[in-house]
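Take a look at this single chain, the form predicted on its own, given in structure tokens.
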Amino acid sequence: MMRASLAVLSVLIVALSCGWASAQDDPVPIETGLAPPDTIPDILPPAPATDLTAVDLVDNDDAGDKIELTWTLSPDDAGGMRDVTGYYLWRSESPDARGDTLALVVAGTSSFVDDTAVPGVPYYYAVTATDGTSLSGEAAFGPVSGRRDWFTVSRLAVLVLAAIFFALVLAFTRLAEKGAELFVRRIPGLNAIEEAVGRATEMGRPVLYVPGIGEIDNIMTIASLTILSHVAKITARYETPLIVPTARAVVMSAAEEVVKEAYAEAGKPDAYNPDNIRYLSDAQFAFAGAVNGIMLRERPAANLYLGAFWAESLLLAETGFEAGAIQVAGTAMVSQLPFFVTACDYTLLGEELYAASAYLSREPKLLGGLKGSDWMKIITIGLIVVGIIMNLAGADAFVEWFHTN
């Protein structure tokens, strides 16, 4: 019995010793009345935003329904214990009422466009910062109202340049109508076309002229028909067969008249063969397949692709290349130019197609448009140079005049 009592007493002594040691390692914190910083509740509102302004926003389609708000961020935005989570925007039609909530924007935002305003109605705006639990004081502005602008002053530079351009076009057109000799540089692509027709004549094989797959109202198709007239005159003079496949019925009728008139002007009306002006298909790839068949069956020595082309351009150019024909292409379709440049011997790039038609036809309206656009390019380049110089010299007023919304 005595031994059992001693054993129990020993266990109690050991347990008390371990508890005392644990208490020494992890002392109970002294009550100071202050909580750790990260547990302090956010009971203070953030500092307010300031300098709120609201103005009628003038843009390219100004209907008077847009008001642009700007303000200075709260000092508590992105810092301190009262971090700002966003800004409430308020709008009312009375200075005595806060009105309805217009929007809630995220922290760091200092501008907003109210695109729900009614033109002519005066509005009062306010902005308050929030930390998610409380709101700051507000910054207010008003009244301000939107106004429909029939004339956008910020686009005045565009109006002035457009007026100069049209004046140049009209002036050069008038000069061309009076018989003035307007110099137009001969495009090297025209020499390539004549060389291609000459080669076909020497080989005794036909010339294939594809005016694209665009409708007759496409400006590229019209330019192509003008060039077709020039090509038809050469083939009539050399008595070389000219094959013109078309994808549109109206384009076929126009091509028939153009080629027939060209043969008559060349003094070879009997050499005109209407069967060579062919309507194939208005389906894009059916047309491409039919033209490829003509290349492989009739073996033209010169292939001319001038007009509006889409995905069929590479199919036509690759087949012509494999057939060994000399190829000249021209289009204003930027996406198709790389295919023509790769597979053809010469390519008229973009505006060269229109310049070629003006050079060949000497039509006053075409010459006026060509010369007017050339001079407008010179004026634009000059303004860019002057603007750079003035900007470097610190004359910001001149540069800002050309800044448009």
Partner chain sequence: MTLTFIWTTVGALLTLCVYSFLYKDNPFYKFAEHLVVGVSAGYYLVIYYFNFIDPNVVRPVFQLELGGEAVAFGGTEWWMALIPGLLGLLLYTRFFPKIAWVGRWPLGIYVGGYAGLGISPVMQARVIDQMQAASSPLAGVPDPFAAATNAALGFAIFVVLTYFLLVKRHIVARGIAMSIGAVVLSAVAGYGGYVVLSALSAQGVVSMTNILLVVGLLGTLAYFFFSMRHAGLLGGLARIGIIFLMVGFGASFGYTVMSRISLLIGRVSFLLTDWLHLI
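For the two forms, the rigid core is made up of the largest set of C-alpha atoms that agree within 1.5 Å on superposition. Residue numbers count along the first chain shown, from 1. Because the structure is predicted, anything quoted here is derived from the model rather than measured.
There is also a form predicted together with its partner chain; it is not shown, and the following applies to it.
Decide if the three candidate residues 157, 281 and 384 all line its partner chain in the predicted bound form, where lining means a heavy atom within 4.5 Å.
Yes, because 157, 281 and 384 each have a heavy atom that approaches its partner chain to within 4.5 Å in the predicted bound form.
Would residue 183 show up as a contact with its partner chain in the predicted bound form if we use heavy atoms at 4.5 Å?
Taking the distances in the predicted bound form, the answer for residue 183 is yes, it comes within 4.5 Å of its partner chain.
Answer yes if any heavy atom of residue 91 is within 4.5 Å of a heavy atom of its partner chain in the predicted bound form; otherwise answer no.
Flag for residue 91 set to no.
Quick one: does residue 297 come within 4.5 Å of its partner chain in the predicted bound form, counting heavy atoms only?
Judged by the heavy-atom cut-off of 4.5 Å, residue 297 is in contact with its partner chain in the predicted bound form.
Partner contact for residue 363 in the predicted bound form: its partner chain, 4.5 angstroms, heavy atom
No - in the predicted bound form, heavy atoms of residue 363 and its partner chain never come within 4.5 Å of each other.
Counting only heavy atoms and a 4.5 Å cutoff, which of 190-198, 69-77, 112-120, 214-222 contacts its partner chain in the predicted bound form?
Within 4.5 Å of the partner lies stretch 214-222.
Contact residue in the predicted bound form, from 257, 265, 239, 149 (heavy atom within 4.5 Å of its partner chain):
Looking at the other structure, the residue within range turns out to be 257.
Find the only residue in 130, 319, 276, 173 having a heavy atom within 4.5 Å of its partner chain in the predicted bound form.
Partner contact (heavy atom, 4.5 Å) among the options: 319.
Can you list, in sequence order, the residues from 281-312 that come within 4.5 Å of its partner chain in the predicted bound form, counting heavy atoms only?
Heavy-atom contacts to its partner chain in the predicted bound form: 281, 282, 283, 286, 289, 290, 292, 293, 296, 297, 311.
Align on the rigid core first; then say whether the Cα of residue 342 has moved by at least 2 Å between this form and the one not shown.
After core superposition, the C-alpha of residue 342 moves less than 2 Å between this form and the one not shown.
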